[in-house]
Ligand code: ATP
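So this first bit is one chain, no partners, the form predicted on its own, shown in structure tokens.
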């Protein structure tokens, strides 16, 4: 099977205990949980049996070891995750609002993640990669941008493909160089996977159909618009496919889009039809929200198949 590589932040996530709890005041928190958008994506793809690897950096601390252990145990190649003595692994604190929104406090750029690089291990990993996945959240510094663009070029030179999930938090959109980097990645993208309003960051259009058409005119092979619990829509120049979401009890939405992306890209690389890949991806995203913690709801290929079968039988009856 084709190997997926990504590059970006590894963090631990620590979350507020109550809705509308302020991170500016003392309060109960849950965690730490292994996290970081590219790490979640790679973890889910690895759990599906896809060959995967991640270029990143962590501190020589418990948080870093937790993440490395999780990725390695689930089958991901962590040879290009460097461990930096004297640096701290990145952190993400999150508070949940009653209206469904989330508020984040990040320490990424100034953590060990800010030191990731294309060293010998990363070069070796990219030499065997068929696909490169980019998370917009990983474009957090000039150094990170350089690593990601180098990864894209290495895979493209080998005839590989690129997928891009904008994954932009409001706290990050105005970081220096972020907008320019987003457009640089977009110009090299084969699969574009925006969520909701992210589609309109890159277009002048005001409706979904026009925005998608604008994206496809740029040479992108397919656009997959994620719609959360409502499912997703797949667009290519002469075809449109929609998939409904699955009804589950949401416990924690963080990581659902990353798991959706990993499910879709993994099946797309295996030659699955868009209808199958969309349904599978929606199931990955649905299961992801059923557990507290960004990676805790990640399921295996067999578990996702069983979930889809059970949901299909339930709807039929």
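Model, not experiment: these values are computed from the prediction. Positions refer to the first chain, counted from 1.
Just so you know, the form predicted together with the named molecule exists too; it's not on screen, but the next bit is about it.
Taken together, the three residues 12, 32 and 59 lack any non-hydrogen atom within 4.5 angstroms of the named molecule in the model of the complex.
Contact with the named molecule in the model of the complex, defined as any heavy atom within 4.5 Å, is confined among 24 to 32, 64 to 72, 265 to 273, 279 to 287 to 279 to 287. Within this chain, residue 253 lines the site of the named molecule in the model of the complex, having a heavy atom no more than 4.5 Å away.
Residue 53 falls outside the set of residues with a heavy atom inside 4.5 Å of the named molecule in the model of the complex. At a distance threshold of 4.5 angstroms between non-hydrogen atoms, residue 158 is out of contact with the named molecule in the model of the complex.
At least one heavy atom of residue 257 is located within 4.5 Å of the named molecule in the model of the complex. Contact residues in stretch 5 to 43 (any heavy atom within 4.5 Å of the named molecule, taken in the model of the complex) are absent; none meets the cut-off.
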